[in-house]
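There is one chain below, alone, in structure tokens, taken in the form predicted alone.
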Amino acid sequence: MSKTFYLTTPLYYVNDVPHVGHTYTTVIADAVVRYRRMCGDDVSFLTGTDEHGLKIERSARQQGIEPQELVDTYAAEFRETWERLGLSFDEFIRTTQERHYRAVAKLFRAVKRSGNVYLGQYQGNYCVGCEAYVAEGRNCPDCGRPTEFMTEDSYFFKLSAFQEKLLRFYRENPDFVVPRSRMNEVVRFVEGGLQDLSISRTSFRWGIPVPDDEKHIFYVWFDALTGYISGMGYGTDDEKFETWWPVDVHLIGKDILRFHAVYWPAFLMAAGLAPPKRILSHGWWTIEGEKMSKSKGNFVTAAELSNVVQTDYFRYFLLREIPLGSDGNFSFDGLRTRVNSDLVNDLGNLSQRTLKMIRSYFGGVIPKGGSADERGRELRDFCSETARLYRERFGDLQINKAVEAVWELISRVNKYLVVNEPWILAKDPNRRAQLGSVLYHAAEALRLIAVMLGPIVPEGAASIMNQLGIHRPLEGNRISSLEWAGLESGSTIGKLSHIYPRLDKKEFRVKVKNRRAPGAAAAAAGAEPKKTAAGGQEDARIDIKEFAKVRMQVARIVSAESIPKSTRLLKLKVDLGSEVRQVVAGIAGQYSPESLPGRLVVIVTNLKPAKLMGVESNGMIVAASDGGKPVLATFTEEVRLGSVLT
């Protein structure tokens, strides 16, 4: 029977589009769950969005829309972004969903029955940005912004009653928070004394009503934290919840550690539920050496990352660059340097020259390993030790150290080829067996490298496996059995290609500079539009030459089908008259597959191909966004297929 493994990201607050910080967290989560799936575990990966609070209510009011319309738009952006980047989540919970409302009500009633809730009055400073009360001082200790003084009736949770229980739990579970330095911070905070916690508000309405007292709505942390159990069946599916809870890993940023490591286990203990097994708290990224800031305009969004480089490139940079738990600096030049040095030079060259020599010297057939000489035995031993270190470090969530171990192996295999000089051996027919042994050892080490890199750079790892002639899915390769001689002698390698293209410095910098559409830089960073001298907004219009670059044509949908593990994406075949293309569209929430064939639609046909959830899309379907819901652009009369929109 397989072991279950449940991991979560935070529920991302829907006050902005996904940026590099959100992406980092979700990429870490994706790497961990890919590793666990390759270990043979039964995995569930939950992410989602936190959608209540005063900040949302105020923002919606300022924009003249309802809060639900605002959160629908942002929640869709998060979900579609993770799907577009191929991040393999299993559950996406929104705190505005009915299943979440039911879970919050059930948890509250359980906590109240245990005698740990009472009605009182709160007076104090409140940080709207962090949705948190501040014990003292005018500025929030977490974000530094000014607080607001508030007085209102509130339900309180008896957090003070859990001080000793929490300290005992920490002593019994010393690895509850990783890294250890953050565990020490949590212990010191709790040892300093705990105050009862306000868990409801009456001064605004955008939230979940408190059962039996609906003038109160839940304070955001009692609401948001419950998403980790509402998404896994608490209050709606007892069997599912019992299968997956307690969670194995909560993956969070260090700024929300106190809420997860103190408040959340106390809520659960009060309700008679098991606390989380482990919390992994990672650091922050600066951008080009400065803190990421909307006002400075140095925001880097997930969409901008994917506009500049392929997903494997920034996955590798984010996972390799810093130890998990430490802060790091993101720079596009640093990304380019790391990619060219490691992925292109080290890994790419090893794969290319090993496979090219097998094709040239053995007609593309994997040679026999034969009896290994001393160098061969040393390489085998090094592979075995690397696999051991890799499993140990990944198991301890030290992902960058696991990657470092693999890169040491890549370096060793490259040196093995240099020392053995197969290009010289190939000139002597009497040394053909030795040549075969050397190339088999290099190819088998390459296979082991590809398997271990599967959770880190899945597209590149899959490419190496295919070129080695191994066509099973990456998840079919078990981490637990990284044994030598898994590569079958006599098998045929696949079609060879470069795994990763080099990032040209000049071209790359142009891409970075142009990563945002005209006028979109301020919007992406959340900055206010600049004003003209006349008091209007700065002109962000484009000229006719720029518009003419976009080619839109009429097409008819031939077929439509769902994409596994995606609730928003559909794979469409569209007829342009001269050809049939495949495109991927995020319209599943509004259109069923069977309702689409035969419809006339508009396709942008001169976009570069892209992969969404691993499915290639050769074009983009045009749709309007009506309250966050897609509405297809179409025609009321018949139009010749392939007609260009002008």
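As the structure is a computational prediction, the values presented were derived from the model and not from experiment. Start at 1 with the first residue shown and count on from there.
Same protein, other form: the form predicted together with a small molecule, not shown, and the subject of what follows.
Among 369, 235, 276, 253, the residue placing a heavy atom within 4.5 Å of the small molecule in the predicted bound form is 253. In terms of contact with the small molecule in the predicted bound form, the residue from 155, 267, 219, 228 that brings a heavy atom within 4.5 Å is 228. Contact annotation for residue 283: at least one heavy atom lies within 4.5 Å of the small molecule in the predicted bound form.
When contacts are judged by a 4.5 Å heavy atom cut-off, residue 50 counts as touching the small molecule in the predicted bound form. Put simply, residue 292 is close to the small molecule in the predicted bound form: some heavy atom of it is within 4.5 Å. Proximity of residue 630 to the small molecule in the predicted bound form: non-hydrogen atoms within 4.5 Å are absent; the residue sits far from the partner. With the partner left out here, the small molecule still marks one of 592 to 600, 574 to 582, 23 to 31, 58 to 66 in the predicted bound form; by a 4.5 Å heavy atom cut-off that stretch is 23 to 31. At a distance of at most 4.5 angstroms from the small molecule in the predicted bound form, all three residues 19, 224 and 260 contribute at least one non-hydrogen atom.
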